[in-house]
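Next up: just one chain, as structure tokens, the form predicted alone.
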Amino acid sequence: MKTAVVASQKGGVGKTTLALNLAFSLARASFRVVLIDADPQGAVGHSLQGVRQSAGLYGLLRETTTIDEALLRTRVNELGIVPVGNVPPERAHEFANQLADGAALGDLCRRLESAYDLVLIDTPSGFGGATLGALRAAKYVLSPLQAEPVALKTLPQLLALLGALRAEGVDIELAAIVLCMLQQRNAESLAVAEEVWTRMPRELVVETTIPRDTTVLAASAAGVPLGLLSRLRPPPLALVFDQLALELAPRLGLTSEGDDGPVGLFA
């Protein structure tokens, strides 16, 4: 089983959008994925219908629920979700501190190992306790980078943190930088993308980019992943995440069975 964290210093860059829709697309590609929400504000839960009945990660930490009770099954058999649960605002700091050393999340990942190919952890913005714990428990980091000037300035902070964690002996690596909210008709947005493509090592930046698209708001309002926004015709952005999933799978150590070559028309 592989473990990955979606993390960024800056808020509002699309972490939860990336985590949720990537998990959905990977599951649709037959990888068994469990998405864990480690954000005390419950960003995954706010993006989906039907998660409030789960005590989630908070219940697991308080030992008031079991994994079977915390884990939500979905209509996609390969996808499970552990929401954060109902974290009282006055307990949010305590909750984050409980996660900071990575022990609780690491134990949860190990308990899910036999059932899933990938544990994907969504985190709050910044590098506080919950994010630190997720980084210490995981093997890979996916960093969404908003294609705007301010976001670009936060990337060195992530790289510095990963270096510090590796110095502690944490086996963590940056699997990919994903350009998000790209506006192809905006000069400043394109300039950020060009700088990332030019200055960052080629192997760190995926080819697939996530455009700024109001369809994300429609899916969030409906409480579904993009791929379930319409029964008959998923929005084009859902196909972008399908392509991203195929590009990221080998970076996360996920392999499909069988040959991915041409298939003959006749049996």
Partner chain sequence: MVRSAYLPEAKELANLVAGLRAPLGERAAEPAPSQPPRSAGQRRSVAPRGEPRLASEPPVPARRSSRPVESQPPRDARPPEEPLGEALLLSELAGQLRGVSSLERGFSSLATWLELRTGARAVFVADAEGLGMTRAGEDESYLAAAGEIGVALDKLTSVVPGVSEGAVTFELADAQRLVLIGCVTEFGRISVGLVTSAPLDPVWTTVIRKAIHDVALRGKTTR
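Positions refer to the first chain, counted from 1. As the structure is a computational prediction, the values presented were derived from the model and not from experiment.
There is another form of the same protein, the form predicted in complex with the partner chain; it is not shown, and what comes next is about it.
Using a 4.5 Å heavy atom cut-off, which stretch among 218-226, 43-51, 235-243, 194-202 contacts the partner chain in the model of the complex? It is the stretch 194-202.
Report the residue, out of Tyr140, Phe95, Tyr116, Phe127, that has at least one non-hydrogen atom within 4.5 angstroms of the partner chain in the model of the complex. Answer to the contact question: Tyr116.
Report yes if any heavy atom of Arg28 sits within 4.5 Å of a heavy atom of the partner chain in the model of the complex; otherwise report no. No, no contact at 4.5 Å.
Might Asp171 be said to contact the partner chain in the model of the complex, defining contact as any heavy atom within 4.5 Å? It does: once the partner chain is placed as it appears in the model of the complex, Asp171 has a heavy atom within 4.5 Å of it.
Give a yes or no for Glu207: in the model of the complex, does one of its heavy atoms lie within 4.5 Å of a heavy atom belonging to the partner chain? Residue-level check for Glu207: no, no contact with the partner chain.
Answer yes if any heavy atom of Arg73 is within 4.5 Å of a heavy atom of the partner chain in the model of the complex; otherwise answer no. Yes.
Note that the partner chain is not shown here; using its position in the model of the complex, name the residues of 129-162 with a heavy atom within 4.5 Å of it, in sequence order. Residues within 4.5 Å: Pro149, Leu152, Lys153, Leu155, Pro156, Leu159, Ala160, Leu162.
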